[in-house]
Structures are given as structure tokens and as C-alpha cells.
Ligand SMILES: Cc1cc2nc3c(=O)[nH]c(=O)nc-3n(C[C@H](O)[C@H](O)[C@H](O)COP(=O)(O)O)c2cc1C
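In the form predicted on its own, a lone chain appears below as C-alpha cells.
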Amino acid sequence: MLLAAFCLSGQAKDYKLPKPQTKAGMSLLEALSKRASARAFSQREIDAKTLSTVLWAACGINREKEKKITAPSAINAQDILIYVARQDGAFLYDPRTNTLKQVTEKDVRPYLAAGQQFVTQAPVSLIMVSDQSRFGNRSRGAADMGKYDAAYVSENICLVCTALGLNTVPRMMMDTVGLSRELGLTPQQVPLLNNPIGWPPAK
């Protein structure tokens, strides 16, 4: 199943992702040995099962009873929100329900490109946003903690993409003002990193 049918009758909707794979791909050590940044992508769609697996590896729930996630998180704030950007809109990933909630039908990938047009060629980009409000009264160190947490999630994305045969590259460049507006972010929700992902181009 592809993710091309998120929108029905022009209305935003929630989309339940299939259960992620947890035993696919290669070993962690092999993924580390092969990990490399790649900036070229084919136009082949990323199917729902693969996207679900990537999102779960990024910061999905891996300890159901405790509701804890795959990525380290300062004071277990779980501040990193992942937005999925596609040609047909942007969606917020909810790791607790394994669903995507559409926040806009607009293609926000040009805001991520910031002059690097290869970004708009990737069928999917994952945007890491730190919700600083989740740090509560620790606001003094929230900016740094958010940056570290975003880096952990981005590294998870890099490794799972390697294991599944996808290309990706972690990036800081983006129009954060325009992106925040289009995604409806609050002042405490800060875009920090993005990973365009896609299958390698045909050789």
C-alpha cells in the first residue's frame, strides 16, 4: 500500500500506518559500516510499511508498557516531533498510535530545500521539531537538550535507511519561518533537522 491516498475529498485525515518491521534489514554493525550520506533519489514511492519502519526506528515506541521510545531523550521529555513532508502535504507522526495526522495539503519540501534542489526530488522528507514546552521548568537548557535529542533521532533515521536500502542525508538548512507557519507550529516548537529519504536512483 502506498501513501498516495491520504486525502479524500480535499479533507485532512488521520492515517493508520501498518505495523513496523523490527527484524528486517541488516545487523547494526553492518549498517554502521555502510552508512553514508546520499543526495540522489529515485521517484519511486516509499510504501507505507517501509515508512512505518523508518518512523518507528526514528523515535517510535519500543517499550510499550513504559511508553518509551527508540531514541534517547533528555529527562525522557520525548520532545522531538516528526513531520512527514510529501508532495501531497505534511503529516505529524504519533508514535503512541502509529498514525499520521495531516496538518496541511501543501507541499512544504521547498521550504526545506533552502536552495538545494535535490531535497525536492526526495519523495519524503522527515522534519525533526523540538517541542520545548515538554521540558517544563527546565527551559534554561531546553534549546541544547532539543538539539541533542534531534541528533539522536536523525542518526536513527540514517541507520534504518542504510539497513533498508534507502538514501538519506541529515540537514540543518531550511526556511524555519516559512516551515513553522505552514506546519502551524507554536513559538516553542522549533524545527532543527531534516532528513530527505528515498530509494537510490537506477544505475
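We number the residues from 1 along the sequence you see. None of the values given here were measured: they were computed from a predicted structure.
Separately, the form predicted together with the named molecule exists; it is not shown, and the next lines address it.
A.B. asks: Of Leu28, Met173, Ala40, Val177, which one comes within 4.5 Å of the named molecule in the predicted bound form, counting heavy atoms only?
C.D. replies: None of the other options qualify; the answer is Met173.
A.B. asks: Tell me, out of Arg138, Arg35, Lys67, Lys49, which residue has a non-hydrogen atom within 4.5 angstroms of the named molecule in the predicted bound form.
C.D. replies: By the 4.5 Å criterion, the partner-contacting residue is Arg35.
A.B. asks: Within a 4.5 Å heavy atom cut-off, is Ile61 in contact with the named molecule in the predicted bound form?
C.D. replies: No, Ile61 is distant from the partner.
A.B. asks: In the predicted bound form, is there a heavy atom of the named molecule that lies within 4.5 Å of any heavy atom of Ser133, even though the partner is absent here?
C.D. replies: No, Ser133 stays farther than 4.5 Å from the named molecule in the predicted bound form.
A.B. asks: May I ask you to state whether Gln116 is within 4.5 Å of the named molecule in the predicted bound form, using heavy atom distances?
C.D. replies: Yes, Gln116 sits close enough to the named molecule in the predicted bound form that at least one of its heavy atoms falls within 4.5 Å.
A.B. asks: Does Val190 make contact with the named molecule in the predicted bound form, using a 4.5 Å heavy atom cut-off?
C.D. replies: Output for Val190 is no: heavy atoms all beyond 4.5 Å of the named molecule.
A.B. asks: Though the partner is not shown here, which residues of 61 to 75 have a heavy atom within 4.5 Å of the named molecule in the predicted bound form?
C.D. replies: Not one residue comes within 4.5 Å of the partner.
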